[in-house]
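There is one chain below, alone, in structure tokens, taken in the form predicted on its own.
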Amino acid sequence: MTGTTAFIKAAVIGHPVAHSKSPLIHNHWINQYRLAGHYDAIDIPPDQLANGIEGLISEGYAGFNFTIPHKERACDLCDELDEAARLIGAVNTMQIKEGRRIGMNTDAFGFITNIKTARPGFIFTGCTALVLGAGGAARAVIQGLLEEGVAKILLTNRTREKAEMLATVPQIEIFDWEDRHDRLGEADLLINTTSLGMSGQPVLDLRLALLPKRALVTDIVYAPLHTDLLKKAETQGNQTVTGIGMLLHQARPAFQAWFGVMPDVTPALEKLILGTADPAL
């Protein structure tokens, strides 16, 4: 495919931002589709975010991704929000269109698409999902689950008050973190949105033997790719979905907004992001 002649600039903004995989993802797609453009990583402190974005727009940037700690603040800097950003209360993508700042949130899309791609036979409608964690990722996961028609969302967090802030619809039931083992038996889908199990973090303490064999288990953590949670689930016969797909699929609508192409997620891209790609390729 041949891209347009206009050179398009986009970037991820965070503080810090050096850890972000977004430049690898988007520059891979720019090269794959032979587009004229580049994607950068830009560190902007929270107190300089508004002025920083203004300056980048004046330099001709077509849009941005936002990572920690800017996703919520970015809502206030948009002229309009899509429905997902409004419902989730956070913006991870901004498109500059005819001088207006359009705020989007693609995290729910990324989460749901990852599961549908990896486990196409899984049926969301009418199921019970158990969600661990109540941070920004959990908000996006919950929105995606509601859009797919789950019957009930069991939500728990180490700080109960934070979970209670997300109980905005009748389908969401909050329970204490100490009861997480006992509620596993109700789950058709188990989702870890916490940092527990991530490289350098404590393991997730969960009596997984209490989980029904029918349940699908997914972890949004992708470093390591196969977390202790997923390994234990696979050992006892549960189907699993890794977290790398959520990262890759959430980037697709943003790339389309800036470059006009809805990109594919390929094994080559996944290997690149996981650091296993042949450097000669």
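Note that the coordinates shown come from a computational prediction; the quantities given were computed from them, not determined experimentally. Numbers for residues come from their place in the sequence shown, where the first is 1.
What comes next is about the form predicted in complex with a small molecule, which does not appear here.
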Since only the chain is shown here, I'm wondering whether residue 89 would be in contact with the small molecule in the predicted bound form (any heavy atom pair within 4.5 Å). no
Hey, in the predicted bound form, does residue 95 get a heavy atom within 4.5 angstroms of the small molecule? no
Contact between residue 193 and the small molecule in the predicted bound form at 4.5 Å, heavy atoms? yes
I'd like to know whether residue 143 contacts the small molecule in the predicted bound form, with contact meaning heavy atoms within 4.5 angstroms. no
Exactly one stretch in 119-127, 206-214, 156-164, 97-105 has heavy atoms within 4.5 Å of the small molecule in the predicted bound form; which is it? 156-164
By the heavy atom within 4.5 Å rule, which residue out of 137, 78, 115, 189 makes contact with the small molecule in the predicted bound form? 137
